[in-house]
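Okay, here we've got a single chain as C-alpha cells, the form predicted on its own, with questions on binding and movement later.
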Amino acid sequence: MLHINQPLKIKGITLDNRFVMPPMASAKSDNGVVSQELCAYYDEKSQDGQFGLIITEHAYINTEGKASLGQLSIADASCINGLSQLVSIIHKNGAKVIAQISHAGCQTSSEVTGKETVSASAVRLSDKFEIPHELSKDEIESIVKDFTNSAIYAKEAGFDGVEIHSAHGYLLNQFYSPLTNKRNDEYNGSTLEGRVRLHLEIIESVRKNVGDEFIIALRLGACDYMEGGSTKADSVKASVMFEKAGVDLLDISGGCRGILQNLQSLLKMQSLFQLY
C-alpha cells in the first residue's frame, strides 16, 4: 500500500498513481458507436485523476465476436472518431486509458451476431449457449488480423494501449482452457504451448504493427478452479511466454468455471492489476 499513490512508468507512459479502473461493460454504446451517454459515464469515472489508468469496457473486434447488444465496437475504422472523443475526455481528466479488445467466441448467440457462433472446439459452454463451429486455421488467421487491426484503430484513436481479453470464457480463454479446447492440431488443448499459440500470434502481430511504445496488456483467466481445467501453475508459465512475446501488463482474473457450471460467482477469483 505504500506505493499505491506513487507514479508508475510503463514504456514511455507515466501513470500518476497505481489505481486502475478495470473494464466493466456498461452497454451504453449506440449500436457499437460511442454515445454521449457513454462519454458522460467515463467523464464521471475519470474525474479528479483518481485513477492512474482506466481500461475501457470490452470492444468487439468483429461482428462475429460481439457478445451482447449495447457492446462497444472497435471492428473497423469508422469507430475511430467516437473512440477518439472518449479518449480525449479521459485524458482531460488526468488518467491514461487503454482499450480492451475482445472476441466472445461461443459466449454469444446468432441472434446477437447474425452469424454462427465459433470457438476453439465444438464445445458448448452451457445450455444457455449454442454448440459452436470449430474454427479452421484460415479462420484463426483472420481473427489474428482482426485483433491486430483493432489495436491499430485504438492507437489511431489516441489510446495509450490495448488489453487483449483472454478471461471469463471469451474466445481466447476458450483456447486457453483444456475444458473447451479439444483440438489436436498446433492449437491443441493438451499442451500449454498449443493453448497459448493463438495468444502469442496475436501479441506478436499487434506489437509488430503498433510499435514498441504502445502498451499491450492481457487479461488472463488464470485458473478454471475445475478438475481438468487451467491451473495456477499454467498461468505462471504462460505469463512468461506472454512477456517474451511483447506483453507489458497482466490483468489476472478467472477462467471458465462460473460459465461452465452456471455459478453465481467465482469466490476464489481475484481481479488485480499487476506489472509483470
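Not measured: the values here are computed from a predicted model. Quick note: we count residues from 1 along the sequence shown, nothing fancier.
A second form of this protein, the form predicted together with a small molecule, is not displayed here; the remarks below concern that form.
K.L.:
Does the small molecule get within 4.5 angstroms of any non-hydrogen atom of residue 181 in the model of the complex?
P.N.:
No, residue 181 stays farther than 4.5 Å from the small molecule in the model of the complex.
K.L.:
Whether residue 100 contacts the small molecule in the model of the complex should be assessed with a 4.5 Å heavy atom distance threshold; does it?
P.N.:
Answer yes; at least one heavy atom of residue 100 falls within 4.5 Å of the small molecule in the model of the complex.
K.L.:
Give a yes or no for residue 195: in the model of the complex, does one of its heavy atoms lie within 4.5 Å of a heavy atom belonging to the small molecule?
P.N.:
Contact with the small molecule, no.
K.L.:
So, in the model of the complex, is residue 64 in contact with the small molecule at a 4.5 angstroms heavy atom limit?
P.N.:
Taking the distances in the model of the complex, the answer for residue 64 is no, it never comes within 4.5 Å of the small molecule.
K.L.:
Tell me whether 15, 96 and 248, taken together, all sit within 4.5 Å of the small molecule in the model of the complex, counting heavy atoms only.
P.N.:
Checking in the model of the complex: none of 15, 96 and 248 is within 4.5 Å of the small molecule.
K.L.:
Report the stretch among 204-212, 44-52, 240-248, 24-32 that approaches the small molecule in the model of the complex to within 4.5 Å, counting heavy atoms only.
P.N.:
Careful reading of the contacts points to 24-32.
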